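Encoded as C-alpha cells, the following chain is the form predicted alone, with no partner shown.
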C-alpha cells in the first residue's frame, strides 16, 4: 500500500514578503519524511518527527520561533493523535520546554489523560526528563515581530498529517499561539477535534485564528462530514473550513484520508504547506 504525507507552517504569510527559506526547509523535511515512510515508519512517528523539526527551525510561530505572550512569557501548545487507536495527547500553556510535540506524545503514551496544561504540564515534562529551555531570551527567536509586514497575520502554527504504508493515519500540531496573547490563552491546536484530529477515516491539522476553529470544531467536523454525510475528503475539508470562515475567521488545514488522498485548503492569503505521496506527488507552496 502507498503512503501520503503533508506538512504546514502556518496560514499567516503575506504576499509582501517571500518565503524561500521556509520552502527550502519544508522541501528537505518532506524528503526525510518520505524516506521514513518508504522504510516502513509509522504515521505517528513520522508526524511527530516532522513537527519536531518544524518547531526547532525557528521559521514559524511555534517552538523556537514562538512569540511571548502579553506578560513576556513563552507559552506553547501542541497535540498528537494516533488514528488507528484513537489515542491522543496534548499540552497547553506549556512553559520552559524545548519540544512541545514530544511533551504531547508523552502525555498520550505515559498518562491516562489527553491534555495537561500550565504548571501541571511543566511538572510532568520535568519528570519525563524532557529537554528544558534554560534561557528563554537566548533560545526563542520570534518568527513574527510586533512590526508585521503588510498583510502578515499575528499567528502561525505548524502541523503534519500522514497515512503510512499499513494504512494508519496520524496528525500532529504545534503552536506558539497568537502574538501578544493573554497569559493562559489556549488555541485550537491542543484541543482534540478543533485543531487536531485523526481516526480511521481522516487525519487533520489546522492553522489560523484558533478561537474560530474551536467554535466550529473544524478538525472533527471533517470526519463527521465524511462519516455521516458521505462527503469526499476535499468536500468535507472545504465545507468545514467554510463554516469557520462564515463566523469571521481565517486560516487553513491539511488532511489525508484512508485512501491516501490529500487536501490543503485555506481561506487566508497564503499557507506554507508541502505534500508528498508514494505515487509521485511532491509540491511545496506558500500561495495559490
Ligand code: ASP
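What you see is a predicted model; the values in this text were computed from it and never measured. Positions refer to the first chain, counted from 1.
There is also a form predicted together with the named molecule; it is not shown, and the following applies to it.
In plain terms, the part of the chain that comes close to the named molecule in the model of the complex, with a heavy atom within 4.5 Å, is 169-177 out of 169-177, 106-114, 119-127, 93-101.
Taking non-hydrogen atoms only, residue 157 approaches the named molecule to within 4.5 angstroms in the model of the complex. Though the partner is left out of this view, residue 207 does reach within 4.5 Å of the named molecule in the model of the complex, counting heavy atoms only. Although the partner is absent here, residue 185 sits close enough that one of its heavy atoms falls within 4.5 Å of the named molecule in the model of the complex.
Contacts with the named molecule in the model of the complex, taken as any heavy atom within 4.5 Å, map to no residue of 41-61.
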